[in-house]
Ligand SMILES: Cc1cc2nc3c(=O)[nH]c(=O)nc-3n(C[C@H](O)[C@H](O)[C@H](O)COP(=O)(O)OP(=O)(O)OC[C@H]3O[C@@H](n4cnc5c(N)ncnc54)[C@H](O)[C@@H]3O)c2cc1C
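There is one chain below, alone, in structure tokens, taken in the form predicted on its own.
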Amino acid sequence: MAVIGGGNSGIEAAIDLAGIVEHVTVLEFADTLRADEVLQRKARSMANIDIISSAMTTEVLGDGNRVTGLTWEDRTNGQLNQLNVAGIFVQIGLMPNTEWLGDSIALTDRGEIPVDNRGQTSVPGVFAAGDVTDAAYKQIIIAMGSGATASLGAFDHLIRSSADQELEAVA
């Protein structure tokens, strides 16, 4: 297997994969990994993980039915290399696309939207879900669950807001 990306998500994926596949090669575009040091130490301690830095993936190879490998360029000397793999995991960025929100709701220093256990943001009535939130793990199944949570939270908010408005009108 190949993992493209040497940040936290890439190294975590490599560590996870190393427990279930024969070999994992991590290809990092930069000359050093960006993953937390503890993750780097763990990956480097595993005999079936290789890490290649200064590697620019240029082509995914296949036989028409499945992935068979990839081509990567060594950014230090321009040499092209081929790596035979049965699968490729691209893990090259988890920065959320939240710039458009400006200062309308609170964001973490990474640009993620903090939410409570119902998906509520810092603005009452505004809910968020998925990888754009400050959820600890960025996986599709977790995003789906947070979407369900946020939709139920929004529904509850609307029901309670409507009930409160009806009570105010009666009083």
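In case it trips you up, residue 1 is the first one in the sequence shown, and so on. All figures in this text were calculated on a predicted structure; none of them were measured in a lab. Heads up, when I say rigid core I mean the largest set of C-alphas that superpose within 1.5 Å between the two forms.
The form predicted in complex with the named molecule exists for this protein as well; it is not shown, and the discussion that follows is about that form.
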Within 4.5 Å of the named molecule in the predicted bound form by heavy atoms, the stretch out of 102 to 110, 40 to 48, 27 to 35, 126 to 134 is 126 to 134
Interface check vs the named molecule in the predicted bound form: of M56, I52, A143, V67, the one with a heavy atom inside 4.5 Å is A143
Quiz item: Applying a 4.5 Å heavy atom distance criterion, does Q139 contact the named molecule in the predicted bound form?
Solution: yes
N97: touches the named molecule in the predicted bound form, heavy atom cutoff 4.5 angstroms:
yes
Item checked: Displaced residue check between this form and the one not shown: G130, CA, 2 Å or over, core reference -> yes
Rigid core superposition, V67 Cα moves 2 angstroms or more between this form and the one not shown = no
Could you check whether the CA atom of L83 moves 2 Å or more between this form and the one not shown, using the rigid core for the fit?
no
